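Take a look at this single chain, the form predicted on its own, given in structure tokens.
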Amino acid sequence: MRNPWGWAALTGFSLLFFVFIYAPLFVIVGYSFNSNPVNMMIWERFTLDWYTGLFGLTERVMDPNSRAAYIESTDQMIAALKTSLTVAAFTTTIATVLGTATAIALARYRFRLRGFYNGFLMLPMMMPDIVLGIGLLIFFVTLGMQLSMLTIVIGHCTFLTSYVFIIVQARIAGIDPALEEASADLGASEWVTLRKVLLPQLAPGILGGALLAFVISMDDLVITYFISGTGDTTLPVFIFGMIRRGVKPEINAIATLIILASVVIAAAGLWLRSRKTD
């Protein structure tokens, strides 16, 4: 018989946990529609100006000097967004190819130190971001590489490959190897078996891992902060710089858009990961 007190305590704890996790996000979203430009904690009225202002559609500032600074800040934010999208696109492509190939190799081939490689790929995920960021910075400086978009892509690939590897590995574990053996018995080469038998079944896991890698690359701050150059500022680093000078209303709008995009992409990735092939 279920203990009613225990069930009530578990339910109450679960509610408090979700409130603790998600309440700050709802606060950010709510205040992104507050028209008060000075104190966002004091509600004035509902407005969409902070969203339209991000794309230069609203002229809230009438003073020429202030408006020039506002436009410059908006242009810098758009440039940072483009940098983040470029880095995420390259990183996702590279990490998806490497993670998928590694997962297939470790699942379908037997070789020495196979268990070592399997555990070694988990290490970047368990390592603290600040340690990985400092290590990458020292590595690039030792090689004499100038910090740029290239170093950001390399740095992101070092840990995002592990995420793709784990998702694809979980997917390939549920695939019957007899299908590939049957393909080989029918005369198909290894390349044909990989392209027409294995990869179609792995497609949901591969797409899910790619979407997760894209989200993490777009949101990464700590590692990117250490390995980014002066002219290659990503959106999270740019927002961090804005917050250090004070929380502006535009930051709430930017954060809300990032939350929305992250939720959509992460939900799509989880759906693709759990999707069963016919």
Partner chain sequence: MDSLLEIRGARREFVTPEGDRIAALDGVDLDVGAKEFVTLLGPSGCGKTTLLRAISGFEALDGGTIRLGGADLTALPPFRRPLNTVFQSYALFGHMTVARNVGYALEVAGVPKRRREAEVAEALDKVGLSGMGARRPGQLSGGQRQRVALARAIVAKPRLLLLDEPLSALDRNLRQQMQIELKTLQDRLGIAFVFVTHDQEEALTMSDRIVVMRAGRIEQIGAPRDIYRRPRNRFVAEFIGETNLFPVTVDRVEGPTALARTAEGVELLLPAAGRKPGEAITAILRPTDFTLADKGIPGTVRSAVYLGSDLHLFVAPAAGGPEIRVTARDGQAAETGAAVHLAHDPARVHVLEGG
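This is a predicted model, so every value here is computed, not measured. Positions refer to the first chain, counted from 1.
Keep in mind that the form predicted together with its partner chain is not shown, yet the notes after this line are about it.
Engineer: Is it the case that residue 174, even though its partner is missing from this view, gets within 4.5 Å of its partner chain in the predicted complex, heavy atoms only?
Structural biologist: Judged by the heavy-atom cut-off of 4.5 Å, residue 174 is well away from its partner chain in the predicted complex.
Engineer: If you check in the predicted complex, is residue 126 within 4.5 Å of its partner chain, heavy atoms only?
Structural biologist: Close contact is absent here: in the predicted complex, residue 126 is far from its partner chain, nothing within 4.5 Å, heavy atoms only.
Engineer: In the predicted complex, is there a heavy atom of its partner chain that lies within 4.5 Å of any heavy atom of residue 189, even though the partner is absent here?
Structural biologist: Residue 189: yes, in contact with its partner chain in the predicted complex.
Engineer: Counting only non-hydrogen atoms and a 4.5 angstroms cut-off, does residue 169 reach its partner chain in the predicted complex?
Structural biologist: Contact check for residue 169: no, nothing within 4.5 Å of its partner chain in the predicted complex.
Engineer: If the cut-off is 4.5 angstroms on heavy atoms, which of these, 145, 130, 138, 184, is the one near its partner chain in the predicted complex?
Structural biologist: None of the other options qualify; the answer is 184.
Engineer: Exactly one of 158, 83, 102, 201 has a non-hydrogen atom within 4.5 Å of its partner chain in the predicted complex; which residue is it?
Structural biologist: Among 158, 83, 102, 201, a heavy atom within 4.5 Å of its partner chain in the predicted complex occurs only for 201.
Engineer: Quick one: find which of 113-121, 192-200, 146-154, 89-97 has residues within 4.5 Å of its partner chain in the predicted complex by heavy atom distance.
Structural biologist: Contact-bearing stretch, as computed: 192-200.
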